[in-house]
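A single chain, nothing else alongside it, follows as C-alpha cells in the form predicted alone.
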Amino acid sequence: MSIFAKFEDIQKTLAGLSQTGQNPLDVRFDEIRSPVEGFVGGRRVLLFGTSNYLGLTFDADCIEAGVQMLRRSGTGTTGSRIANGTYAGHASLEQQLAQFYGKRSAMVFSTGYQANLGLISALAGRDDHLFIDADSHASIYDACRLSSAEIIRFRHNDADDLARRIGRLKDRPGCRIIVTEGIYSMLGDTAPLREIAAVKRETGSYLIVDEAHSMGVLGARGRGLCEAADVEADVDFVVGTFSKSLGAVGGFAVSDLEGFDILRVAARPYMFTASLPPSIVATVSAALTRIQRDGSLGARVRTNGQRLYDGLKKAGFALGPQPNPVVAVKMPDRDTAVTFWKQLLDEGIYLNLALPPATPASMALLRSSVNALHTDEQIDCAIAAISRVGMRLGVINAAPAKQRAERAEKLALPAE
C-alpha cells in the first residue's frame, strides 16, 4: 500500500475539479499589476478574492520602506529570535502594535497561523478548558489539538450556548479560555462580542479574539471588532495577521496581562521558527502607520463591501448574514459552485471557491472580498458578471431579473 493511499478521497476530489478544465488550486497568475488587477493565462482579471482589504500591497511608502531595509539588513534573519537574537525592527514593531491597540505588550510571529498556534497551545494547559466557536479557523482548531486542554465547541455565534457549556464545568478546576473571531472568513459574519464578553465576565473566563479579517476594517481607529463593539477592556488577548489589511506576511498577539512575555519561551511556534525578515517588518510598520494616519481606508472598504453585498442580494443570490468586506454567495451544490467559479474566471472575475470540509455546515460557497481600491465601476462589473453566470446556471431566476440582465449584458470589463 502506498503511503499516500490515505489521501485517496482528496485525490478523487482534485481529479474531479480538473475535469472542469480549471482546477482552482492550479491557478497561476502571470502578473499581479495592482491590488485590483492581475493576469491569468494572458487574460486580464479583476481581483475579488485576495483579502487585501486596504489595498496596501502596492503602497509606495510600504514598498520603499521594504526596499531600503532589504538593502540595509539583507534578505532574512536565518533563525529564531531565541537563537539568533532580536533585530531592532522586531522590537520596534512590537512596541508600535502595543501602542496601536493600547495594550502593555505585543509579540510578533512569522505568520498569522503561527500566532494562533503559539498563543493558544501555550496558554491552554492540562487542566484548562478551551471554548471555541464551531466555525473557527483551521489555525484555531490546530492550536487546540497541540494543547493539552479539554476542547469544547459552542454553536456558531451563540453566546447562550457558550454560557451553558461553561456552566456545566462549574465545579471543575482549571482556566476557562474562550476563543472567537472578529469577522469570520467564510461567510463574512461578525461575532456577537458584547454578549460573549458578558459571558466572559460572568464566568471569570479569559477571552481571545482573532481579528485577522477585521483589523483595519472595523472600529474608528481600525482596531477591529473589539473596538467597534466597545469591549476592548474585556478582551485579554487580540491575535491577528499581517497578511490581510497590512499587505505582507506575519502575525501578532497583544495583551494587557502581566506575565505575557513568558510566552516568548513557552510558545513553541515562536521559539522554533525563523523570525520575519527585516524588510517585511519594515513594510508592516509602514502599513500600520498608514492605518493610524488614514482612517478613510477602513471606511472605503466597508462602503465597497456594502455595495457588493447589496448588488448581489438585489440580483437574488443567497448571501452570508451581513455585509462586510467578505461577501459569500451560497451555491446549491458542489458541482454548480465549481462550474460557476470557472465561468466567472472566464468572464474576467477572480474570486475564491470554498468547498467542504473547509466551509460552515458543509456549504459550497463563492467567497469574494473587496478592498479599499476597488472602484464603483469594478464592483458593478463583478455584480454584473456574477449575475450573468448565475442566470445562465439557474442559480437565480432570470424572469424577475430581466431588466438587470439586460443591463448586465451591456457591462463589460473596464478597458485596460
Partner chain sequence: MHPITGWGKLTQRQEAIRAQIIEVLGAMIPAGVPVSDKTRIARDLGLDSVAIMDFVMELEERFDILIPLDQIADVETIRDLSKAVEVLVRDAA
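This one's a predicted model, so the numbers in the text were calculated from it and none came from an experiment. Positions refer to the first chain, counted from 1.
What follows is about the form predicted in complex with the partner chain, which we do not show.
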Original post:
Among R221, R302, H90, R153, which has any heavy atom within 4.5 Å of the partner chain in the model of the complex?
Top reply: R153
Original post:
Using a 4.5 Å cut on heavy atoms, which of A266, A134, L146, C175 is close to the partner chain in the model of the complex?
Top reply: A134
Original post:
How about K170: is it within 4.5 Å of the partner chain in the model of the complex, going by heavy atoms?
Top reply: yes
Subject >> Contact flag, D346 vs the partner chain in the model of the complex, heavy atom cut 4.5 Å >> reply: no
Subject >> R164: touches the partner chain in the model of the complex, heavy atom cutoff 4.5 angstroms >> reply: yes
Original post:
Could you tell me if F272 has a non-hydrogen atom within 4.5 Å of the partner chain in the model of the complex?
Top reply: no
Original post:
Picking from 77-85, 179-187, 134-142, 320-328, which part of the chain touches the partner chain in the model of the complex when contact means heavy atoms within 4.5 Å?
Top reply: 134-142
Original post:
Taking the partner chain in the model of the complex, which residues along 365-395 bring a heavy atom to within 4.5 Å of it?
Top reply: none
